[in-house]
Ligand SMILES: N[C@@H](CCC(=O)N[C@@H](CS)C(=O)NCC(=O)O)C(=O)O
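We begin with a single chain expressed as structure tokens, specifically the form predicted alone.
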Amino acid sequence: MADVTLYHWEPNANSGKPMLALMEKGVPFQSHYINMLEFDQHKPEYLAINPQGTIPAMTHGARVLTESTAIMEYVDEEFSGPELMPADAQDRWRIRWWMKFMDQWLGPSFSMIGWSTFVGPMVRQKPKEELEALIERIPLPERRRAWRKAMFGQFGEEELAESKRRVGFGIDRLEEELGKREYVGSDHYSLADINIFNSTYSLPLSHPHFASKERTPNIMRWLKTVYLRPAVQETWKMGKTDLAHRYSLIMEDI
């Protein structure tokens, strides 16, 4: 049995990427739920695992791994099971291009919108003094700034408008890509599909003006294909918030 522990939040976005990679590979792992809305990731017991206070993190024996995309690649290379990267060099290039596009360009825009509409209002229910103390506990200064904006609703109109523009652009690029091949970057399911699915699964609900049966049929076809994978079904059973419920609503709608 693999000596693997995964420290994660909900099975979406960054936390969901290594969760789903492990499930697809059939690697048994101990799930350690980190409640991001209660700031578990900044408590001393988790900082002892990952001093940066970011999630997810994974331990494999004595090894400690951070950064979700890098963890996915480690899982695919370290453990037996279905290959999540193709043999063809050009396919691998496309997959890595799309993962970089998501991680560095499109993903942050999804995050800003999600933090402003979901995470911020949830944590804002706490007393202001408690929120200030929680912010001061965050190790990385750039994360302190981001959390402060989310907690107190400080994202500017121009910032949000630019994020929405990027989301619209990214959705159009993804629709075009999925018109060329069955999956993202390849005709075979890969790490790129895991990476992008975990941030786009809710598009029909969160951005219906951008993603719908009429406007983006290729994305909707791909979403349904990925939704129905057994590993995805099992991964989403591990969710504890309304995000998992949104997933079931989307399945009914497609």
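Residue indices: 1-based, along the sequence shown. A quick note: this is a predicted structure, and the numbers were derived from the prediction, not measured.
Just so you know, the form predicted in complex with the named molecule exists too; it's not on screen, but the next bit is about it.
*Asks:* Looking at the partner-bound form in the predicted complex, is residue 54 within 4.5 Å of the named molecule by any heavy atom?
*Replies:* Contact with the named molecule, yes.
*Asks:* Mark residue 60 yes when one of its heavy atoms lies within 4.5 Å of a heavy atom of the named molecule in the predicted complex, and no otherwise.
*Replies:* No - in the predicted complex, heavy atoms of residue 60 and the named molecule never come within 4.5 Å of each other.
*Asks:* Can you tell me whether residue 190 touches the named molecule? I mean in the predicted complex, with a 4.5 angstroms heavy atom cut-off.
*Replies:* Looking in the predicted complex, residue contacts with the named molecule do not include residue 190, since no heavy atom lies within 4.5 Å.
*Asks:* Would residue 41 count as touching the named molecule in the predicted complex under a 4.5 Å heavy atom rule?
*Replies:* Yes, residue 41 is a contact residue.
*Asks:* Consider the chain as shown here, without its partner, and state which of 74, 101, 147, 183 has a heavy atom within 4.5 Å of the named molecule in the predicted complex.
*Replies:* Going through each option in turn, the one that passes is 147.
*Asks:* Could you spot which one of 126, 173, 143, 164 gets a heavy atom to within 4.5 Å of the named molecule in the predicted complex?
*Replies:* Of 126, 173, 143, 164, the residue with a heavy atom within 4.5 Å of the named molecule in the predicted complex is 143.
*Asks:* Heavy atoms within 4.5 Å of the named molecule in the predicted complex: which stretch among 24-32, 204-212, 222-230, 66-74?
*Replies:* Checking each option against the 4.5 Å cut-off leaves 66-74.
*Asks:* If you check in the predicted complex, do 109, 169 and 196 all have a non-hydrogen atom within 4.5 Å of the named molecule?
*Replies:* Not a single listed residue reaches the named molecule in the predicted complex, so no.
*Asks:* Can you tell me which residues in 7-33 come within 4.5 angstroms of the named molecule in the predicted complex, by heavy atoms?
*Replies:* Going through 7-33 in order - heavy atoms within 4.5 Å of the named molecule in the predicted complex - the hits are 13, 14, 17.
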